[in-house]
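Starting off, we have a lone chain in the form predicted on its own, written out as structure tokens.
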């Protein structure tokens, strides 16, 4: 899936955001809900009025899952299997929403990391996150 260089670039970006999962995740969710309001349907537990604490908590949980994927790039299927089951069988998230989430996450990365988030890193992250989305949607079939 990823070349050795792409793996290194994904890991390098993750090292830059590690420790900031809650704030990056909250910003990701806020951006997702603003740009794609229809995605709020899958986050009913956050309520109509978005509470900062809830955004930070759920954002951290989302990015911790990304961290698990980064740590297990060689075996995403096994590492993300419980999350794939949850999204397909319990939450029933429309798979077409994953590319929207990927897009918003990359905007958050670019806005925070700016020059450190090179075109090559963006391409590696796009490929990596697309692989994560594929694994998360495999249980739909």
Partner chain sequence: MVHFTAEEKAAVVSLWARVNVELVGGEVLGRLLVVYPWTQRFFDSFGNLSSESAIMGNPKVKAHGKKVLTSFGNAVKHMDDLKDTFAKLSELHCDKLHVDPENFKLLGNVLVCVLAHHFGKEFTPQVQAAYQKVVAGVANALAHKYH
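Residue numbers count along the first chain shown, from 1. What you are looking at is a predicted structure, and each value in this text was computed from that prediction instead of being measured.
The form predicted in complex with its partner chain is left out here; the points below concern that form.
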Looking at 114, 53, 89, 75 here, can you tell me which has any non-hydrogen atom within 4.5 angstroms of its partner chain in the predicted bound form? 114
Among 81, 103, 60, 97, just one has a heavy atom within 4.5 Å of its partner chain in the predicted bound form, namely 103
22, 135 and 137 - do all three of these have some heavy atom no more than 4.5 Å from its partner chain in the predicted bound form? no
Contact flag, residue 107 vs its partner chain in the predicted bound form, heavy atom cut 4.5 Å: yes
Taking any heavy atom pair closer than or equal to 4.5 Å as contact, tell me whether residue 31 reaches its partner chain in the predicted bound form. yes
Although its partner chain is absent from this view, report whether residue 120 comes within 4.5 Å of it in the predicted bound form, heavy atoms only. yes
Give a yes or no for residue 35: in the predicted bound form, does one of its heavy atoms lie within 4.5 Å of a heavy atom belonging to its partner chain? yes
